[in-house]
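Quick setup: one chain, the form predicted alone, written in structure tokens, and binding and motion questions come after.
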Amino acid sequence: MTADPQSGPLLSVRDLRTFFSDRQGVIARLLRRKSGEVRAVDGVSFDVVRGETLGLVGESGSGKSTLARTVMGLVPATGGSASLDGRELVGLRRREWRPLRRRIQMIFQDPASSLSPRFRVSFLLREPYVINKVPPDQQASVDELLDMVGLSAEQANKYPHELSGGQARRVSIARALALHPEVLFADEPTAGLDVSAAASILNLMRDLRDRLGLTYVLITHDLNVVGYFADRIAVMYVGQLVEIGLGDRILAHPRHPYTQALLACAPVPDPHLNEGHLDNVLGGEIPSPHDPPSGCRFHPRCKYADPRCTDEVPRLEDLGEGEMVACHHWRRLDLTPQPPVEATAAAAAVAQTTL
């Protein structure tokens, strides 16, 4: 199944905000210091159409996973809106979420923490049916779910700790697919896996997307993964989107300095491909969402920054054809093709290997 832009957005997020109260230590409380807030997600907006894969990219601490958990109702939103096929998700009560859980699911980053070690795989795969009170005639068998993700029936009697990393990730995918969802959030689906196992997981997810008509939001820091898998890419930095657009276009012509830096940092098969782009490599640490920089949040690490960047927040500007960027200086950036496009091709070649 291919994305259908004419059908309208299946998932729509508007000005979504998720703030957390700052937890103070004992000394801070004794000194009666005022508590602050952590602006983990701060005004994010995007749409995902049916059958599309949106890659959500950024460093650790940029707010990607918190955004996903907020849309899923696992973390309460501070403000804004998130809707599934026109149905508002923000502010729903637990019982109101129950029928929607069958339509939107999540693959968590760490199978070791999302799969209970006390139960066998067979129980873990049947559990979504029990929780959601699915009638028996609408349930797939354990063997069918395992076969869907390329695992043998023998895996049903194993405990999670007896599985390899790739097998555990496949069980997590099968568990998420048990309820036949329309939208699937995948949080770092290849994290912690070697190259061959990661390639097989990406091939599996692409095959499932085509066979089942799934819509993905793929959360990752790996630009090679989104380059191979995603139709569009959204780049997130300290709780905000800084660039969004078609995957091929962003990889070839990034308009934001942060996207350029991420591409320059991406591993490539040939180190000579990065010649002339090393000055774009990120320096320093990502700022804390507890105390984000004024103006453009990327300006302390940006080589193009000027006084305007420290004072004025850049708005997300529509460049046409679905491309948007939040940068005061995007017009004068070097827009020549970036070397990591070659890395993406190499990643695709690796992922074509069937295991």
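Everything numeric here is computed off the predicted structure, so don't read it as measured data. Sequential numbering from 1, following the sequence displayed.
The next section is about a form of this same protein that is not shown, the form predicted in complex with a small molecule.
Scanning V44, L54, M324, A40 against the small molecule in the predicted bound form with a 4.5 Å heavy atom cut-off leaves one residue, A40. For the residues Q105, T215, Q109, N224, the 4.5 Å heavy atom test against the small molecule in the predicted bound form is passed only by Q109. Proximity of G61 to the small molecule in the predicted bound form falls within the 4.5 Å heavy atom cutoff. When the small molecule is considered in the predicted bound form, D231 lies well away from it, no heavy atom lying within 4.5 Å. For the marked spot (S65, E188 and P289), a heavy atom within 4.5 Å of the small molecule in the predicted bound form is present in each of the three residues.
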